[in-house]
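Here's a solo chain for you in structure tokens, the form predicted on its own.
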């Protein structure tokens, strides 16, 4: 049974429908990542869950209890904001302690002190507790904000893209540390991001949000390898997936592809029938070589560029179709772009999407 159930959630601002019939089931202790492009409604969703905003329609059920009418302080949900939102007149210690001192909880000072020091130690910020927010680095502000959201040990923690405003080194460190820290609190986490790498690194499950609803909810691996639509496939991957419209004919485990005159074969077990569709092939699933083979296609070199730890080649087929190929730097050293170039495709690593709906045909 799920711990947190979102059923047909909807929210509009005048004529702008931001969330529309959104559904999800989230387990206790799950690290649930909401991933989507800017403006897709991720922060609005967190505000609805926290009670800062009210739903137009739908139900939020937590631990078998509908909480739609609960005030924010009654929901046992905490939230860390993207912009840190620390009280500027309070030192880091008092910012962290503030949830324990709110609403006349009458928690003894020595117990508050113990809890502040415990959470500060977990997040490695014991040395900044006496400093004001203006004296903290962005990484320290982010950890202080996170400590404040965790100190009362809420049942659910909402994290609104908390690593977006920190530098790359801190972001990498926190991707490693966050799961460890949050497991200590045994809390359910809903984490918002527009960075697909972050989503894949952190999430037990990823919910892909666009067009007002979750279009995929699955493990990171399954979403990458089996996206429900071309839109989802494009959101995961850098460089993005190659896609082009083609006529496809099936003969056994072979698919004969005709991309406006460019003909080649793909080895693929599939249930799709002969059709005209959008073919998707990820850059890392294209093999580039100076040596021809029975299945290869000659291509023209256009350019290459380094991208993270990989090298990306742009090549052009005789029909004019351009494709991206991605490989390790070591593999790229074997390629001489001044000689003839050929591409072939990894078996079973291609996708087929409906031309109109862009949905995965499989």
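Because the structure is predicted, anything quoted here is derived from the model rather than measured. Residue numbers count along the first chain shown, from 1.
Unshown form predicted in complex with a small molecule; subsequent notes refer to it.
(message) Just checking whether residue 37 would be counted as a contact of the small molecule in the predicted bound form - the rule being heavy atoms within 4.5 angstroms.
(response) Yes, residue 37 is a contact residue.
(message) Given that the small molecule is not shown alongside this chain, does residue 317 nevertheless sit within 4.5 Å of it in the predicted bound form, heavy atom to heavy atom?
(response) The answer is no: residue 317 has no heavy atom within 4.5 Å of the small molecule.
(message) My question is simply whether residue 326 lines the interface with the small molecule in the predicted bound form - judged by any non-hydrogen atom within 4.5 Å.
(response) No, residue 326 sits far enough from the small molecule in the predicted bound form that none of its heavy atoms falls within 4.5 Å.
(message) So, residue 24 and the small molecule: in the predicted bound form, are they within 4.5 Å at any heavy atom pair?
(response) Although the small molecule is absent here, residue 24 would stay clear of it in the predicted bound form, with no heavy atoms inside 4.5 Å.
(message) If the cut-off is 4.5 angstroms on heavy atoms, which of these, 43, 50, 296, 332, is the one near the small molecule in the predicted bound form?
(response) In short, 43.
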